[in-house]
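Only one chain is given next, in structure tokens, and it is the form predicted alone.
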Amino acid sequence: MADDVQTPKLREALRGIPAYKAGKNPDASAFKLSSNENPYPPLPGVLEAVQKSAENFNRYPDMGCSALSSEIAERFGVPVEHVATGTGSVGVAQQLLQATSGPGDEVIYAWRSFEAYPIITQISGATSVRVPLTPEEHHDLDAMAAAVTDRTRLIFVCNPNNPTGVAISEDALVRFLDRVPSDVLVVIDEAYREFVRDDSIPDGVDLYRDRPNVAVLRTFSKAYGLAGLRVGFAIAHEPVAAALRQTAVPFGVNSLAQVAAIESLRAEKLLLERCEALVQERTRVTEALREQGWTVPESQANFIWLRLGERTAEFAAKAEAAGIVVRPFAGEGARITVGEVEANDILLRVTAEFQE
């Protein structure tokens, strides 16, 4: 090839995009506490339904996810026209950015929060406006409201927040929403809603009902245990939901994922029992860590956060050597999924030794 041949021109917006860092996969002898996955197997009936559906995967899936959307609409008491699906809640979040934001626009979110936000914002060509968390790991909603300009198109509110687990009360969130202009979309990302036990934390679906500029993100990846199938959804008023359907990848949610999600919704009683067991483990681990002398934020998710600063990498290495893999954020802290009892016990041994 001649030296003067140029490579294809790519968008400048792609320069410097941080790579999404998935939770590290451990070897066969270790526990994976790095990706907030549900440690339980698929709910009863789900695997059987998926296996039966697999007989037909030579056919395209239902592009509109009509059966799944109807099931979601019935479960949450919303019009089916207000439901839009995608490849996990992060896929739907990217659709929201495609529908609202481009070069010259601004997207506001807390930081640190879900690490996909800056990636998908930069891909859209929009500008990230990161608002630091408070020293107590909370969203600084006053600062976020003050950051709104005439260029703001979308605001992500992760509740509970990933990776800190801290959640926003209804009073605080309503005050914030009242301050946001009605032409700015606020996306309440509730990937971990099923693990919330604080009655002061609102259900975003209740807030969306009379607020056309509020959309709610949910996923089947966490509590429902379908992380490997990639299916999530948004509940939003018709103009936003319609835009999400316009920006969706055709046939993005595969037929197996659709069947699994429907069956999982129908097995919700057992799902909630499993969530409660994980919440009890979350409480046990949190109390034990505090007894060891750790400062642990009050998590409402299926993980806990340890702010370790410059010792984060050291802690992650010691955890891995002991048989558990956590999710380190260099120079900041470690997010640790609440897993099996045995895995959590290993964590508590590591943290006790690390304190010493």
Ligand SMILES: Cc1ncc(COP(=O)(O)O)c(C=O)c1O
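So that there is no doubt, residue numbering starts at 1 and follows the sequence shown. Since the structure is predicted, the reported quantities are computational estimates derived from the model, not experimental observations.
A second form of this protein, the form predicted together with the ligand, is not displayed here; the remarks below concern that form.
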Pick the stretch from 258 to 266, 83 to 91, 203 to 211, 175 to 183 whose residues have a heavy atom within 4.5 Å of the ligand in the predicted bound form.
83 to 91
Selected contact from S101, Q95, S221, Q122, since only one has a non-hydrogen atom within 4.5 angstroms of the ligand in the predicted bound form:
S221
Under a 4.5 angstroms heavy atom criterion, identify the one residue in R230, R153, H237, R282 near the ligand in the predicted bound form.
R230
Consider C158 of the chain shown here, and say whether it contacts the ligand in the predicted bound form, taking contact as heavy atoms within 4.5 Å.
yes
Does the ligand get within 4.5 angstroms of any non-hydrogen atom of F195 in the predicted bound form?
no
Is Y117 a contact residue for the ligand in the predicted bound form, using a 4.5 Å heavy atom cut-off?
yes
Distance check, V253 to the ligand in the predicted bound form, heavy atom within 4.5 Å:
no
With the partner left out here, which residues of 175 to 197 have a non-hydrogen atom within 4.5 Å of the ligand in the predicted bound form?
D189, A191, Y192
